[in-house]
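A single chain, nothing else alongside it, follows as structure tokens in the form predicted alone.
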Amino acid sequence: MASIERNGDQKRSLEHKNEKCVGCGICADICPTESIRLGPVLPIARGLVKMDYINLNNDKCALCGLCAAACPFDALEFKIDDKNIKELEAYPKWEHEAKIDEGSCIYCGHCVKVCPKDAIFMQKTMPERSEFVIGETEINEDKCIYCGMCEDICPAEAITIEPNDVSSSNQEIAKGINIDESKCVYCGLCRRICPEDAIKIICTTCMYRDEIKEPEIKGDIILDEEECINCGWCQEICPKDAPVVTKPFEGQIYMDEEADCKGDSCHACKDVCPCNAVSIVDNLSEINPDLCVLCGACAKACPQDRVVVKRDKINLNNIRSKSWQKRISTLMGDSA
């Protein structure tokens, strides 16, 4: 973990958090003293090299805090007198964010499954099944021949035949047959298929279905804002439009068709993308712009210079310094 600290009229410190860094190089691009150097992003992302994505030059760094203010992933933390500049009024503020409307969420868990940073947590409480599915089953084992038809056809996998070790001295094919009442839905398929009429079943649910209360699902959905990178996966996959994501940059990303793509033999762009926005299709890399945050890590890693990133807007406000405005404006336009 790279860090710089100096004491004077003010105590200033800069700390790089490699676990949050994606190797986009934005900090290096805008550093006014060229104190930040981007490391070998691809080998680091692939786990081939154990080192930080960036190097900090202690001798050149002015500890101005611009890099930390402009990092969309909070991978750089800058403090003045032990206070994070994110808490200071005079410093720039990012307006990118992700929120999940719990009132719209149905706790399907799609967002949890696809989040590339495991930043979404869900707890779901289902009602007791016994409150809604009621009935009785009975198997006459004197009639049962253990043919296994009921076990094979049961849609709930509620029927189990206990097999026996058949031998010349023990010719019983099975030890017994059981129905798991916690799984049974009392559909009656087992009774219908039984060749020996050995099964009796009564579906109480079917008789009183109009009186059964509506199942109520309770839960909690939590979005860890510290881990979230605002990629938009949750927003794109949610069937109820519960998540709303504001990304750090607005613009375009596309592939230069004139540049060669090595596809399956390279996949550098896919390996470094923090958003899982890159796929290899027909031996060519494809980027889904709806899942991209325009960080540019893929453009930095591509050995063929095939990725083009064009930022039209940066959702970073309260930039009071004209020199900072000038440096940050270099991120706009073609950033391939």
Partner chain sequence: MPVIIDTEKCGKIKNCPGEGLCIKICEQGALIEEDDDVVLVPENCDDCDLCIQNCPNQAISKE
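What you see is a predicted model, and the numbers here were worked out from it, not measured in a lab. Numbering follows the first chain given and starts at 1.
Unshown form predicted together with the partner chain; subsequent notes refer to it.
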property	result
Heavy atom within 4.5 Å of the partner chain in the model of the complex - the one residue of R46, K310, R37, K60 that qualifies	R46
In the model of the complex, the one of I26, L294, A268, A69 near the partner chain [non-hydrogen atom within 4.5 angstroms]	A268
is_contact(K300, the partner chain) in the model of the complex, heavy atom dist at most 4.5 Å	yes
Proximity of V278 to the partner chain in the model of the complex, heavy atoms at 4.5 Å	no
Heavy atom of K262 within 4.5 Å of the partner chain in the model of the complex	yes
4.5 Å heavy atom contact, N288 to the partner chain in the model of the complex	no
